[in-house]
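What follows is one chain in structure tokens, specifically the form predicted alone.
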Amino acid sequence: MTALPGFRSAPASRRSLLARLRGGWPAYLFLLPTLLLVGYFSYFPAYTAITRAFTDWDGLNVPTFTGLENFQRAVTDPVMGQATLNMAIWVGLGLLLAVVPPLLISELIFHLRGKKRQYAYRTLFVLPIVIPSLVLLLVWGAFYRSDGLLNALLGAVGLEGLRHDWLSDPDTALLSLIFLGFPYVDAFNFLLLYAGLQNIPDEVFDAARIDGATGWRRVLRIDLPLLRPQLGLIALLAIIGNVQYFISPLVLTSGGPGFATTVPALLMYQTATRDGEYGYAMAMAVLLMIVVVALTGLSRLLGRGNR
């Protein structure tokens, strides 16, 4: 059979692929150690989690296959239900904090007069990333105590009735953890949006100014549409990060009081390390992975629909 013009037959295509592999073998040889390390440290743990999720495993002995038992237990566990609700609140509010404050600050700094002034403010907001995050968590834990800075400020402005231990109250513990880190300007998100604003041509701003689009009208009609790729990336990373995040509940509250600040990732960690139920913890990890994939797909679908 004669191949159509412009198309190569399958054997010819395979021969071409093999020829390219033979021609580029030095490059593939240099890549091989990296690929092996990525496969062992990134993909093998994921494979282990998926395969052990269907077993009763204590992390030491030979696992026993139990089918879907761990998944059935996870979806009917009331603690897991409370943790999932906490995670949903965390993801929703965390998404706002990841987008809105960095966007406002990047807009304000970008439109400052004077490059030196812009550089100085930019450095001011980026500099805190050199401070270990654990130090910030401990400082904020002290702020939230009954004798901490937050209660002192409330007392100073005459709001004595609002003073209490914020992390020990089930009604305020989760929100206190979500909103720690004022002024909520993530350095990576801020730099990403600032770079996006820098990439907008000056002619676009000049044309908007002539058309009367200044201030908030310019932000809504010019900046936000042109920053859509950066905003989409930030939203995607915020969703993935907040679904998997459990450091501040682990350090400051251990998931309490009760289960008020327990999130699925923390429950998974405690189930494995404290209770020794690695098989059940792996099932939680697989469910979290499914949630991340679903939310990622949904966010990309919504972003594509707005284009």
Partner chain sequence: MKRVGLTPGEVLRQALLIVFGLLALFPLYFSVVNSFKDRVQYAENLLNIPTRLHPENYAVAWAQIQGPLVNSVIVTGVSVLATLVLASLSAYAFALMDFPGRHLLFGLTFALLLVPEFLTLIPLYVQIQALTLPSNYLAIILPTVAVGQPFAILVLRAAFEAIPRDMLEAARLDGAGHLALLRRIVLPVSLPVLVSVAIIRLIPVWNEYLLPSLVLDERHRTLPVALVTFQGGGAATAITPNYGALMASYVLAAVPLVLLFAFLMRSYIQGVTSGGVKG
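This structure is a prediction, so every number in the text was calculated from the model and none was measured. Each form is matched to the other, and the largest set of C-alpha atoms that superpose within 1.5 Å is called the rigid core. Numbering follows the first chain given and starts at 1.
Just so you know, the form predicted together with the partner chain exists too; it's not on screen, but the next bit is about it.
Chemist: Check for me: heavy atom within 4.5 Å of the partner chain in the predicted bound form, for each of I129, V139 and A272, yes or no.
Modeler: Yes.
Chemist: If contact means any heavy atom within 4.5 Å, which of 91-99, 67-75, 148-156, 200-208 contacts the partner chain in the predicted bound form?
Modeler: This holds for exactly one stretch, 148-156.
Chemist: Contact with the partner chain in the predicted bound form for S168, defined as at least one heavy atom pair within 4.5 Å: yes or no?
Modeler: Residue-level check for S168: yes, a contact with the partner chain.
Chemist: Residue-level question: is S133 within 4.5 Å of the partner chain in the predicted bound form, judged on heavy atoms?
Modeler: S133: yes, in contact with the partner chain in the predicted bound form.
Chemist: Please check if P229 has a heavy atom lying within 4.5 Å of any heavy atom of the partner chain in the predicted bound form.
Modeler: Although the partner chain is absent here, P229 would touch it in the predicted bound form, with heavy atoms inside 4.5 Å.
Chemist: With the partner left out of view, is F188 within 4.5 angstroms of the partner chain in the predicted bound form by any non-hydrogen atom?
Modeler: It does: once the partner chain is placed as it appears in the predicted bound form, F188 has a heavy atom within 4.5 Å of it.
Chemist: Superposing on the rigid core, is the Cα displacement of L21 between this form and the one not shown 2 Å or more?
Modeler: Indeed, L21 is displaced by 2 Å or more.
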